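Read the single chain below, which is given as structure tokens and is the form predicted on its own.
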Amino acid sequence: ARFNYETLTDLKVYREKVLEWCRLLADQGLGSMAYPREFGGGGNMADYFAIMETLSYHDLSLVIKFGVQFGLWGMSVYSLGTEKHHRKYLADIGSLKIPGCFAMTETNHGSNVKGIETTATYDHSKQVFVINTPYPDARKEYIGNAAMHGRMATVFAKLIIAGKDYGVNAFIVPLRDENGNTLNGVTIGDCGQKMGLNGVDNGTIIFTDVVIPKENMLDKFASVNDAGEFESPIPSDNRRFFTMLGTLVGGRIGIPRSSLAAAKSGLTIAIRYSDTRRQFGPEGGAEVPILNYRMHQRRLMPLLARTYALHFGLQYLTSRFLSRTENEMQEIEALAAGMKSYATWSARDVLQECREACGGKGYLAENRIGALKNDTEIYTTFEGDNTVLMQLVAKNRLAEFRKAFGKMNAMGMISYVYENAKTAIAEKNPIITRKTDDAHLLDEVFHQHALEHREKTTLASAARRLKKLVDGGLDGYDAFNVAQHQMLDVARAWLDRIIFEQFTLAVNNASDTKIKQALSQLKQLFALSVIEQNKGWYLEDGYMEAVKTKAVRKMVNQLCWDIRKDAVPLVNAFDIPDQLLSAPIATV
């Protein structure tokens, strides 16, 4: 009963309820799960991710406030600080004795973190930093926990020593005293009512000559020495900046897993309802469940397949992150950025379709799709704007492409070009481009080759285009801007292939025959849906002819029909308790 959904729309009441929920979870040791045991934590990052995902079947304001407090605030202290910070703060952060914030975003600078303008000026004579907001639009904005509850914040600011700018660094800055009173020099505003997540108290922060001790600099990657000079174990400013941001990649794993949970909830509600809601029927006959209609299946079954695919894709991302080595970090960061975008865009689309598929019932607040939809809307923006993140993914793929070519000698390049040409010739054989029999269309080798071909071809094409633009006189920035839309194609193609491969592994590892068959059909539907969505590209490339893309469409329809009989068991397999779904139309 203590976790019953809050239905009042009063912001203060809602925010206090969410804080109360966070305290109850902290009392059970769940908030500090990811922190080392010697600092009061559970020492288990895998369990922390599982907690975040599980909480996402409840009120999403809870999971976001939980993530701000124990993830962003706590993990920034852990990841960017050193032992003195860990000993002083982590236990109190994990117990929620010190509610805190992660103050990175500014009004004038969101995605461009390097451009933030808050300053931390070092005064060597007093051994302090002075934190300042130079003008109103450099204020911190959208900061979770700031408007009401946060007592301290990890503040990202430009470090200034003797008039020289040493780039963005992180500092622990007190905001309020123990009684909740705002401290001198700190001005806090309230972002007020939002589209969703109104249980989270987002706010703005302005600093005016706020003085903090030298020890409050989170100094894992940079510090000010006893002589008042800047020091860093990483000499390159660029590398140091991206190393600092790279330590925070865990948030880009928690958010897609949270969005996936919301998508699973929406699909469970919509598919259960569609299985029982009856409309129309044959002349003189009984009305039939709307899920029996082919168009309704077409709306929901491919989304169910994609949600299952993402489940296995995100398990892979989590596993890679937990077992990471330093050499893998760039690829893992790209994978996390891409999966965050892919999964949150998918949740947005899933929930919109689920809302419409439930008709008027989907519009009623009691059936929760509206709340899920509104709350996840911002998932495509925070923790990195999706479109910006996908460009980072594409840059990583291009860098790997260049690296691979750079290591090849002349014979290696000739061999690479020859092998690709040989594959393309074989797969673009008119017999293959027109092949439409069921066995071929359902064959995972065809799916794998089609996804690989699109991935390799879009990557090589983007690399050629950028080179041509640069050779034609454009600088790198302008060339990338011209080819930006192509960058997103590169990123999507890479992610489609990885997610499909992880789905294939999951099917192969399934031991139960019936489960294997059901998963296999979902995997086939996922692959063919991706191919169908990109049929224009395959037709332009000559990889398929119209007769084949039409056959793919027909097979997608057939798979939707075949999967319909298992649709309810497939969403029931998500095992979401009815009290968490809390949607009358989803009652079994």
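Residue numbers run from 1 along the displayed sequence. No experiment lies behind these values; they were computed from the predicted model shown.
If you look for the form predicted in complex with another copy of the chain, you will not find it shown, but the lines that follow are about it.
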Segment assignment from 93 to 101, 353 to 361, 224 to 232, 318 to 326: heavy atom within 4.5 Å of another copy of the chain in the predicted bound form = 353 to 361
ask   = Is Leu197 one of the residues lying within 4.5 Å of another copy of the chain in the predicted bound form, judged by heavy atom distances?
value = yes
message = With a cut-off of 4.5 Å between heavy atoms, is Thr433 one of the residues that contacts another copy of the chain in the predicted bound form?
response = no
ask   = At the 4.5 Å heavy atom threshold, is Ser520 in contact with another copy of the chain in the predicted bound form?
value = no
query = Is Gln193 close enough to another copy of the chain in the predicted bound form to count, meaning some heavy atom within 4.5 Å?
reply = yes
task = Would you confirm whether the three residues Asp10, Leu24 and Arg298 all fall within 4.5 Å of another copy of the chain in the predicted bound form, going by non-hydrogen atoms?
result = yes
task = Name the single residue among Thr247, Thr182, Asn481, Gln127 that comes within 4.5 Å of another copy of the chain in the predicted bound form, judging by heavy atoms.
result = Asn481
task = Could you work out which of Asn509, Thr187, Gln448, Gln279 is the residue within 4.5 angstroms of another copy of the chain in the predicted bound form, going by heavy atoms?
result = Gln279
task = Using the arrangement in the predicted bound form, list in sequence order the residues of 317 to 353 with any heavy atom within 4.5 angstroms of another copy of the chain.
result = Trp345, Arg348, Gln352
